[in-house]
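Take a look at this single chain, the form predicted on its own, given in structure tokens.
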């Protein structure tokens, strides 16, 4: 049951390892996924061009060590950052005081909590990645300018844009993208809704896929809470060409956050996930902790990405002390089903489970 998308990307299985910015998606992980016949992804949203060059060179070396085809497919993912709106001084002061209060747990330096308005230049980021010929460039949090899509297509790469509703999916198609990443409400990490201040349909991934495949002509990649082969089979039968899985890879051997997430799941893995704006100023799903509970009202939360910059030192200090109560533990709704194995073993098991489920369907 190969899909058009699988054929285009030369994949042996219809699985995309989700791009997770901030450390999880290491060159070793992306190469391991590629070697197993799926699509590996780098989360490069916050990376400088220099960091992108370094990651891509390390990926090429990993591929060479594994004797992979140097042109093996991979995905470079970026954020469509909004224009930064400076917060008023009163709200900024409230946000700082809130963090200072919580930060005493990890001895936060109040002077380090300064917001930044200098965002990554998307064209420069993508240009750096294109030098290494990714098969896909995906973008999250909105639709980029037309010239960015043209730049990617001119380099011979496919464009994938995320959507959380039918309206967004239709806009993705109109923008000239090649694939739609259908992000259900179950997905971990940042919610891709174009306007976080607008009404959110909060569709589950199955319902979203059903709407998109009915009204859109583009291949659909289903994303959100997908943890096993039975999940994949259901979404393939519903019309998805492939699935994107993030939380399932958080505990594989090659993941950059492996030790952190293993420890977190062992310690607080009985907790549910929750959408929060507290860490970054934008809705994102993570394992519930003290910080999420403390910022649930959003009254002292700044807009994205200033809040993200403001909490950076707190999150870094907390991670250094394994203080899970102040870390952004991004995870999908079904994260407890994560397995502890290599990426190759995970993909073999998922493929086997999917085929069994499809035979029974």
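This is a predicted model, so every value here is computed, not measured. Positions refer to the first chain, counted from 1.
Below, we refer to the form predicted together with a small molecule, which is not included among the displayed structures.
**Q** Using a 4.5 Å heavy atom cut-off, indicate which stretch of 275-283, 90-98, 74-82, 122-130 touches the small molecule in the predicted bound form.
**A** Among the listed stretches, the partner-contacting one is 74-82.
**Q** Identify which of 163, 240, 226, 212 has a heavy atom within 4.5 Å of the small molecule in the predicted bound form; exactly one of them does.
**A** None of the other options qualify; the answer is 226.
**Q** Could you spot which one of 338, 9, 13, 20 gets a heavy atom to within 4.5 Å of the small molecule in the predicted bound form?
**A** The residue from 338, 9, 13, 20 that makes the contact is 20.
**Q** Looking in the predicted bound form, is the small molecule within 4.5 angstroms of a heavy atom from every one of 52, 55 and 59?
**A** Not one of the three qualifies.
**Q** Taking heavy atoms only, is residue 140 within 4.5 angstroms of the small molecule in the predicted bound form?
**A** Residue-level check for residue 140: yes, a contact with the small molecule.
**Q** Given that the partner is absent here, does residue 254 sit within 4.5 Å of the small molecule in the predicted bound form, heavy atoms only?
**A** Close contact is absent here: in the predicted bound form, residue 254 is far from the small molecule, nothing within 4.5 Å, heavy atoms only.
**Q** Answer for residue 291 alone: is it within 4.5 Å of the small molecule in the predicted bound form, judged on heavy atom distances?
**A** Contact check for residue 291: no, nothing within 4.5 Å of the small molecule in the predicted bound form.
**Q** Would residue 39 show up as a contact with the small molecule in the predicted bound form if we use heavy atoms at 4.5 Å?
**A** So residue 39 does not count as contacting the small molecule.
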